[in-house]
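First, one chain by itself: the form predicted on its own, in structure tokens.
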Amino acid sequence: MKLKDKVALVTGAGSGIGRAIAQLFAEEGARVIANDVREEAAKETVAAISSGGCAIQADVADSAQVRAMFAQIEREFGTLDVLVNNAGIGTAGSSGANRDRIRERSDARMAEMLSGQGIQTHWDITQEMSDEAWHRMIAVHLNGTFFCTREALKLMSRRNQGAIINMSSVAALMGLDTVPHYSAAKAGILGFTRAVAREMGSRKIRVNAICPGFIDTPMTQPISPMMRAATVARTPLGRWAEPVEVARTALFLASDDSAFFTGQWLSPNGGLFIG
């Protein structure tokens, strides 16, 4: 029971990694507040874990909605011990047409690479990206992390204790050529993590990040079988991870097991990136 009686907020807890973190935290004794932009998904998570917490619908990219969420947390729980900034959107972009285009180019590039004739199909993703796609990616991942952290610190500073875990990505460490906007947002989260960790050290509030590799979640389902096989081939452990493997990393960073960790990133990526 590493989180016994702790109050933990997990954003994006309606599915995938967020749901796995919420479930594991509840098993370890935490009262879990499950946030998601989809209210029904958040409620399903809470119903499955029976943690004495609650579900809160909010878009973390909207600072007003984030303030309202934390006001509810303060009213109902009075404090917050752990924040997991996990909410995110798919790396293949919001439009189905964009996902299909990336899938087609991915398969074509792989076939060209295997042919030995050189790559003739170019990604051209950055030059084709809309303002809307760029701004939405930054808003959800980077702005959302800031908005939630800002409000969490107001509660944690009252007792000068707490743990914040920001979900970055292996994309921040190595750059992923199909998702420059996602890579930028996740890299920004790492810089933010380091800065806030230094700032809040005097208050004994720890701030760390997780940089997962490829994980089997609903968000990664659009990735084509050919690209999936290519990433597995580049991963020394020869597979993708399950969400619970990221959740175990989050548990470590949320608990006293990591009492001397702050400003750090841990990357469960199977060796895809070794740095």
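Small disclaimer: the values here were computed from a predicted structure and weren't measured. Don't overthink the numbering: it's just position in the shown sequence, from 1.
Below: the form predicted in complex with a small molecule, not depicted.
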(request) Name the single residue among M156, I164, A185, M167 that comes within 4.5 Å of the small molecule in the predicted bound form, judging by heavy atoms. (result) M167
(message) If the cut-off is 4.5 angstroms on heavy atoms, which of these, A209, V60, A30, I33, is the one near the small molecule in the predicted bound form?
(response) V60
(message) in the predicted bound form, does every one of S15, V37 and P218 come within 4.5 Å of the small molecule, counting any heavy atom?
(response) yes
(message) Please determine whether I89 contacts the small molecule in the predicted bound form, using a 4.5 Å cut-off between heavy atoms.
(response) yes
(message) Taking any heavy atom pair closer than or equal to 4.5 Å as contact, tell me whether G53 reaches the small molecule in the predicted bound form.
(response) no
(message) So, F70 and the small molecule: in the predicted bound form, are they within 4.5 Å at any heavy atom pair?
(response) no
(request) Would you check, heavy atoms only and a 4.5 Å threshold, whether V140 touches the small molecule in the predicted bound form? (result) yes
(message) Please identify, from 198 to 206, 115 to 123, 140 to 148, 102 to 110, the stretch that has a heavy atom within 4.5 Å of the small molecule in the predicted bound form.
(response) 140 to 148
